[in-house]
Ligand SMILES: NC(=O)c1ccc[n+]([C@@H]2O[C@H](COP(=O)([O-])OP(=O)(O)OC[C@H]3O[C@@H](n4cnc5c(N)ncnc54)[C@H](OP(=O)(O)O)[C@@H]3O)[C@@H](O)[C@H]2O)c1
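One chain comes next, on its own, written as structure tokens: the form predicted alone.
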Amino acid sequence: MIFVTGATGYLGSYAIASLLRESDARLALLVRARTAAEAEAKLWRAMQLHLDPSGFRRLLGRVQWVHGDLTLPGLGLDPERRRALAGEVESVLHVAASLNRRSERACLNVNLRGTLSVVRFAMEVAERGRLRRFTHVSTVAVAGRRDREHVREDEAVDWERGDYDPYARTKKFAEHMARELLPPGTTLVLRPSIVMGDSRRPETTQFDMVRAFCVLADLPVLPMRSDARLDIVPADFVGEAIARLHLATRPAHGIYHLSAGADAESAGAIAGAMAQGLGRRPPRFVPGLGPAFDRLVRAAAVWPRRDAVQRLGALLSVFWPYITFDTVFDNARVRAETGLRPAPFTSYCVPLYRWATTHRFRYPYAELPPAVATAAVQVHA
């Protein structure tokens, strides 16, 4: 059995969908819900991007609900049931995280305290001699402030470098904590780069980065270099890589970048593909405007009125550093280990833009049809 956190989140849903295809494993899903019906509704909201109701019904047959919370002591689980669960679990897939890059408190509570609670549960599994693997889904942002670099996995964490935000900082410490506390050879760290969209379809349920991209795509002048590399990967590649590496009998390495690597495309190539696909004139690149644009964005983010200006500033102030740090994260390991290669962003950026803007950055969620009965086994907190 695989114990999974973050199953109802964006990347978690892709990992779950891939685990369904790649294995017949049973899944114990940590869900912040009081009842099985509430947990089912949350999971359906995440999984309807991947499954129709009949497919979701089949998924429920392989699921145990674990009602809990990363930020509660002991994950919020009753000690007796926690012990019983530790006797069933063979691996842990930790995907859950706070992506609130502006909130130190949220990142500390979820990414550090929450990860420590999951690690402690994994330690209980290990004490029973059952822990095959603890997979921690991290981020390439742990590499800190970079500029025009090519970064390999074992060279990414440099404790002397500054971090862009609380998210990057807490994910870096969470990685370190898992590797230090768990038995040698059991921890696997996976670091996605910028995850945006799905190479197979235009629909998405994650809009923050997409919204920032669409805003920039609409600008006639871009305050950056046209040759700056953007390491963007689709969620379908990331989810498949997470599943394959977690299930692998003996991965060759302990850390993998789930990134575009040397295939990362330039801002100019992406802007050209957008202009051609949308029938527009390509934007001008004026890198000299970068510092002024950065100051403008930061000022808008703290604009006293909570209006469109403030919301746009807050959005861009979070993602602008990741768009402009022009760093490529080597992906030779994941390609060799899984045989997967991410689709180039230019192959699907136009359909993503059209769908997201047409739907005003909202996914048209559907209610779960009544015919789908709850088949999951409930694990009480």
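Residue numbers run from 1 along the displayed sequence. Since the model is a prediction, treat every value here as computed from it, not as a measurement.
Not on display, but discussed next: the form predicted together with the named molecule.
Contact with the named molecule in the predicted bound form, judged by any heavy atom within 4.5 Å, is made by just one of Gln310, Ser266, Gln276, Thr71: Thr71. Proximity to the named molecule in the predicted bound form, taken as a non-hydrogen atom within 4.5 angstroms, holds for one residue of Thr186, Ser226, Ser91, Gln206, which is Gln206. Only one of 164-172, 247-255, 125-133, 267-275 lies within 4.5 Å of the named molecule in the predicted bound form by heavy atoms, and it is 164-172. The named molecule in the predicted bound form is approached by Pro192, whose closest heavy atom lies within 4.5 angstroms of it. When contacts are judged by a 4.5 Å heavy atom cut-off, Lys42 counts as touching the named molecule in the predicted bound form.
The closest heavy atom approach of Ala7 to the named molecule in the predicted bound form falls within 4.5 Å.
By the criterion of a heavy atom within 4.5 Å, Ala17 is excluded from the residues contacting the named molecule in the predicted bound form. Candidate site formed by Ile232, Ala260 and Val334: none of these residues places a non-hydrogen atom within 4.5 angstroms of the named molecule in the predicted bound form.
Along 127-156, these residues reach a heavy atom to within 4.5 Å of the named molecule in the predicted bound form: Val137, Ser138, Thr139.
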